[in-house]
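Just the one chain here, the form predicted alone, laid out as structure tokens.
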Amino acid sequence: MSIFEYNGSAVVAMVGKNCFAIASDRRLGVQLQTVATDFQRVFKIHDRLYIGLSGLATDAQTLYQRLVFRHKLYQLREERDMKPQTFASLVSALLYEKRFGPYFCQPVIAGLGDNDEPFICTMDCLGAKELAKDFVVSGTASESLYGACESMYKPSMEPEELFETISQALLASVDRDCLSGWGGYVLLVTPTEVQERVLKGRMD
């Protein structure tokens, strides 16, 4: 078993019309044993920027703390929030810095940039970025997430339709992966508001 599969995870981000959604499962396991059913994988950097961390749970929490520290330093120096593209470069550099003893995380970054343009990207544990215009996935359920998102995604979805699409894709995918699941957590971000929703899924 790979170290990335030790805790199990599923994270997906999807782009809509001037909005985006980022979702994750809620299971924390130790291989096939479930430890917690309310584990947080999606973290807030600022009001328009979020990061989802799949992979080893302890490394995800450590990496998030380091990223918050770096972002606060940036805010003090620049007196503004970081743009999503800049933040993606920061995460990439931070991961590559530790390439000989990496954080076992695969981040998914989603944010609203200039003119409310949604930005999403993911990377491997060494910081190699993969940019996309539609959706990005990571975690143990990533193969089934790719299939579900490919079949359900439509360009320029309105926020409500985007929520429905990402929710159905997530729930369908985690049912096909025994290391992730136990419901879901969805963040829907528009230029004017942020909606948090918890999904009920199969509890087995």
Partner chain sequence: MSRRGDWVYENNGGTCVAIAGADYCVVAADTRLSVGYSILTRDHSKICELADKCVLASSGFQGDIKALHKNLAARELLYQHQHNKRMSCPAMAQLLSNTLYYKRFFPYYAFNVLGGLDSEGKGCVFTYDAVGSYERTGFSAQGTGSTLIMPVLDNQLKSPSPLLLPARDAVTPLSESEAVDLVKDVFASATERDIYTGDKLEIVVINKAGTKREYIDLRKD
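Residue numbers count along the first chain shown, from 1. Keep in mind that this is a model prediction, so the values were computed, not measured.
Heads up, the form predicted together with the partner chain isn't pictured, but that's what we're talking about next.
Visitor: The partner chain in the predicted bound form: within 4.5 Å of a heavy atom of each of M152, Q168 and R176?
Guide: Checked in the predicted bound form: all three residues contact the partner chain.
Visitor: In terms of non-hydrogen atoms within 4.5 angstroms, which of the given stretches 139-147, 154-162, 63-71, 35-43 touches the partner chain in the predicted bound form?
Guide: Answer to the contact question: 139-147.
Visitor: So, Y50 and the partner chain: in the predicted bound form, are they within 4.5 Å at any heavy atom pair?
Guide: Result no; Y50 lies far from the partner chain in the predicted bound form.
Visitor: Taking the partner chain as it sits in the predicted bound form, is R202 in contact with it (heavy atom to heavy atom, 4.5 Å or less)?
Guide: Residue-level check for R202: yes, a contact with the partner chain.
Visitor: Look up in the predicted bound form whether L28 has a non-hydrogen atom within 4.5 angstroms of the partner chain, and give yes or no.
Guide: Taking the distances in the predicted bound form, the answer for L28 is no, it never comes within 4.5 Å of the partner chain.
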